[in-house]
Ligand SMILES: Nc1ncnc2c1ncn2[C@@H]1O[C@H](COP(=O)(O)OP(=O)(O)OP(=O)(O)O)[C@@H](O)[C@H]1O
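Taking the form predicted alone, here's one chain by itself in C-alpha cells.
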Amino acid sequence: MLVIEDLQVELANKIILKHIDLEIKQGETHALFGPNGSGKTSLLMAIMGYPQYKVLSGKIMFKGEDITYMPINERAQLGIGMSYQRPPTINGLKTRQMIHLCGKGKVDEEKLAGRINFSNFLDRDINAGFSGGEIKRSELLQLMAQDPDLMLFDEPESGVDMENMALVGKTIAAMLQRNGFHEEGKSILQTKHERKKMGLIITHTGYIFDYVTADKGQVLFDGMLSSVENPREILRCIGQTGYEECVRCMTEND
C-alpha cells in the first residue's frame, strides 16, 4: 500500500534523507525511532507532500499510484493523513469548522468529539490556548473526521500527561482498528470498518506501545533507515547502547 524506493530529500539546500526504502503493507503499523534531527519528521512531511521537502530522487507509491510529486490536498483525498507534533494555532477558524471540513460534512462533530471528551472545545479557535494534551486530542479529532487509510503520527506522546496518554493511545488504537472503534456494529465514522488501516508512528519513549501494536520498527539515523526489527527490541537496544550502536548491531545482523 505504501512503497518508498531510494528516496532522497532536501530541505533548505541540505540533504536530510538519503536512499530511504520503506514498505508498509495493508493493515500494518510501523514504529519509527531516531535521535532528534535525524530526519523522522522530514520523512513524514515528505510522505505528506510538503513542497519545502524537495525530492531529489526516488519514488513514493501509495495504493499503486506514484504520488512523489502529488500536492498535499490530492494525497489527503487519496487517503493519507497526519497528526503533527507541534501544529499551529489557527485564529478565526473554529475546531467545529475544521472537523466539518475534514469529514467533508459527513460526520457528526458532536458525537465524534464526545468520543475523546472534546465537545467543550468545538467552538474555540483551533489550538488557541490549548494544553499539550488538548492539542493532541484536537489533532486526533481532525484525523478521525478525515478517516484516512494511512495515518502518520509525529510523537503522539509528546506533551501529554498520563491521563491523556491513555485516551490518546486508545483512540489511536481504535483508529487503526485494533480495538474496534465502532458503535452497535457500525463505524462511528460511518465508513467500512472492515477496511484495514496503515500507521507510521514516530516515538522516542515507546509509551504508545501500551495501547497500539506495532508490527515492525526501524531506526532513522544520519538520514538513513535501518533494517526492519521488532519495535520493542529496538527500544530496549536503544536504551542500553544508544542509537548509533543499535544501528550498527542491526546492520551487522541484517
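Here the structure is a predicted model, which means the values were calculated and not measured. A residue's number is simply how far along the shown sequence it sits, counting from 1.
Keep in mind the form predicted in complex with this ligand is missing from the figure; the text below concerns it.
Student: Quick one: Pro87, Asn91 and Asn127 and this ligand in the predicted bound form, is every residue within 4.5 Å by at least one heavy atom?
Tutor: Zero of three within 4.5 Å in the predicted bound form.
Student: My question is simply whether Thr29 lines the interface with this ligand in the predicted bound form - judged by any non-hydrogen atom within 4.5 Å.
Tutor: Flag for Thr29 set to no.
Student: Can any non-hydrogen atom of Ile16 be found within 4.5 angstroms of this ligand in the predicted bound form?
Tutor: Heavy-atom contact with this ligand at 4.5 Å: present for Ile16.
Student: Considering only heavy atoms, tell me if Gly39 and this ligand come within 4.5 Å of each other in the predicted bound form.
Tutor: Gly39: contacts this ligand in the predicted bound form.
Student: Does Glu139 make contact with this ligand in the predicted bound form, using a 4.5 Å heavy atom cut-off?
Tutor: Because no heavy atom of Glu139 falls inside 4.5 Å of this ligand in the predicted bound form, the answer is no.
Student: Going by heavy atoms within 4.5 Å, which of 31 to 39, 222 to 230, 208 to 216, 56 to 64 lines up against this ligand in the predicted bound form?
Tutor: Stretch with heavy atoms near the partner: 31 to 39.
Student: Heavy atom within 4.5 Å of this ligand in the predicted bound form: which of Glu155, Asp147, Glu109, Glu134 fits that? Just give me the one.
Tutor: None of the others qualify; the residue that does is Glu155.
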